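Have a look below at one chain only, the form predicted alone, in structure tokens format.
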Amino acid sequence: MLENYQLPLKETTNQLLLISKDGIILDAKTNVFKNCIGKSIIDLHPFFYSLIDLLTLKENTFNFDCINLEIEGKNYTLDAILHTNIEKEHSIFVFQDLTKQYTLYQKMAQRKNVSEIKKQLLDYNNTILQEKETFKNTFIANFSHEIKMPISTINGFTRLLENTNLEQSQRYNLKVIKNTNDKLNTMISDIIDISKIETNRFSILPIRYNLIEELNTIATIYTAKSKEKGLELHYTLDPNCPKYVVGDKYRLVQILNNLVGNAIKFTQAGTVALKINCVSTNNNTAQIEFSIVDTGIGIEKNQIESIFNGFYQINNNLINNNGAGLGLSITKKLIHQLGGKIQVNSEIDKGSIFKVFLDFEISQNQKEDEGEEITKIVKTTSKNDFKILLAEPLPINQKKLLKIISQIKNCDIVIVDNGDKVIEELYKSNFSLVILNLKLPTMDGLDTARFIRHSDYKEISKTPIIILSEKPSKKEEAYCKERRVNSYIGKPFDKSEIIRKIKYILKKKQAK
């Protein structure tokens, strides 16, 4: 009888049951239900109880997907269609045995779910690690003043002791303390720099400066250090390099100090070369290549990438490598922050070549400004009633502020250009007032102010402070006042306001 139904429903995987309206199987073409002709569909499986009431309906179609049946101890998964009352009032149950397909699908879905769970777990772990790293970096960046404060205090009291009568053994011990503390200060400064870069709190301080003079100074310093170790430093400077550029000179000096210092450190005999070449100039930009070449121990090829990782050190019995392994890591990060790139070529026992490429804005004014370099100059008056320490990184602002402050009678003025120098000067002598630009290199204005207020040396902690802000705001002013800053002045600097606030503080201090 099923021959009458096979043509319209013909499909290679189709299996069929011809069912009367009473639920009796009249004919069958199936591998699943064996010897079922003449039986009631209820006897095949409990699932068919749900079909009995449907068999009396005329010309309806019902779809059943993913039916799970256990027949004679074997599990099947079927997709089925029931057509009721087709020709002579019989119903036909058409189904496909898709057990293999569903099993494969479930396995694939399970693998996908496992894969998705692993991915989500990996993402979660990465998020946790990132949060932990961010917390660590933020903690270090936020508490940099707390970390540097004891070190700066040790340095300060060391300088005070140096000016006292000490026995030779005491002076030697003091020198050991000072050298050890300087190394610790360098390591912590590097850690703070890395943390600030990774928490997007790192700032570039572009100023106009004499590039040639800075490079010559670096060469002079490391020529002397090379001689101390029995090495020669070869220094060459391309005459096409612009004299005055606009950039962050403090970071350039830091980069070259790390690279040239490393070259000397890892060279036992021979030479170290510092070569500066102007690669190209375009309108107001110059690309300059800094090459540091040594005849030192060299680096294995498989180690070259690793040397830029934090706390990585090259193990060599010939080298007293007592650093923290942060120099090259911070150097690479600084170069990238400045928009440059670094290349390394090295060969074991023959030496290394480090090349740094940086772009500089060429200053429109290439003439030397008279009196531009005034940092650390002291303006001495006849009475010396007051002594003011001015910390300002930009030479042009140094000149403007010096001109304004000089109008106040009986004042000595000491000018420095970064936060660390402020601390040095405070331990050298007592100041009536400290004026700090918020944007100071090495240790910014607020960190320097915190150090002053938390100093164990009472003559320092009580020093009045004025903060200078490039981008003033009420919120920033309130923040400064909460940290016991005496006064706050924002740009554009008003001559009368500066003089009035300085006079008020000096008069108040004098009254005490």
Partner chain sequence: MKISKKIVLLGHFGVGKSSLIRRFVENTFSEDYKVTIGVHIFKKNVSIPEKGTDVSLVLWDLEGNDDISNTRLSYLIGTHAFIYVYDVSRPATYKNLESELEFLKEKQKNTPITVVGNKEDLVTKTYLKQNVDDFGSLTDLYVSAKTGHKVDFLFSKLAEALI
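Whichever C-alpha set is largest while still superposing within 1.5 Å between the two forms counts as the rigid core. Residue numbers count along the first chain shown, from 1. Quantities reported herein were computed from a predicted structural model and do not represent experimental measurements.
Just so you know, the form predicted together with its partner chain exists too; it's not on screen, but the next bit is about it.
J.: So which of H45, K462, K29, K39 reaches within 4.5 angstroms of its partner chain in the predicted complex, heavy atom to heavy atom?
T.: The option sitting close enough to the partner is H45.
J.: Between Q366, N163, N283, Q120, only one gets a heavy atom within 4.5 angstroms of its partner chain in the predicted complex; which residue is that?
T.: Among Q366, N163, N283, Q120, a heavy atom within 4.5 Å of its partner chain in the predicted complex occurs only for Q120.
J.: Which one, 477-485, 30-38, 55-63, 448-456, holds residues whose non-hydrogen atoms are within 4.5 Å of its partner chain in the predicted complex?
T.: Result of the contact check: 55-63.
J.: I'd like to know if A109 sits close to its partner chain in the predicted complex, meaning any non-hydrogen atom pair within 4.5 angstroms.
T.: Answer yes; at least one heavy atom of A109 falls within 4.5 Å of its partner chain in the predicted complex.
J.: Hey, in the predicted complex, does Y124 get a heavy atom within 4.5 angstroms of its partner chain?
T.: Because a heavy atom of Y124 falls inside 4.5 Å of its partner chain in the predicted complex, the answer is yes.
J.: Applying a 4.5 Å heavy atom distance criterion, does E305 contact its partner chain in the predicted complex?
T.: E305 lies outside the contact set for its partner chain.
J.: Just to confirm, N113 within 4.5 Å of its partner chain in the predicted complex by heavy atoms?
T.: Answer yes; at least one heavy atom of N113 falls within 4.5 Å of its partner chain in the predicted complex.
J.: Could you tell me if all three of I197, T217 and Y250 have a heavy atom no more than 4.5 Å from its partner chain in the predicted complex?
T.: No, because I197, T217 and Y250 lack any heavy atom that approaches its partner chain to within 4.5 Å in the predicted complex.
J.: Once you overlay the rigid core, does the Cα of S461 travel 2 Å or further between the shown form and the other one?
T.: No, the C-alpha moves less than 2 Å.
J.: Would you say L446 moves between the shown form and the other one, meaning its CA shifts by 2 Å or more once the core is fitted?
T.: After core superposition, the C-alpha of L446 moves less than 2 Å between the shown form and the other one.
J.: Has the Cα of Q398 moved 2 Å or more between the shown form and the other one, judged after a core fit?
T.: Moves: no, less than 2 Å.
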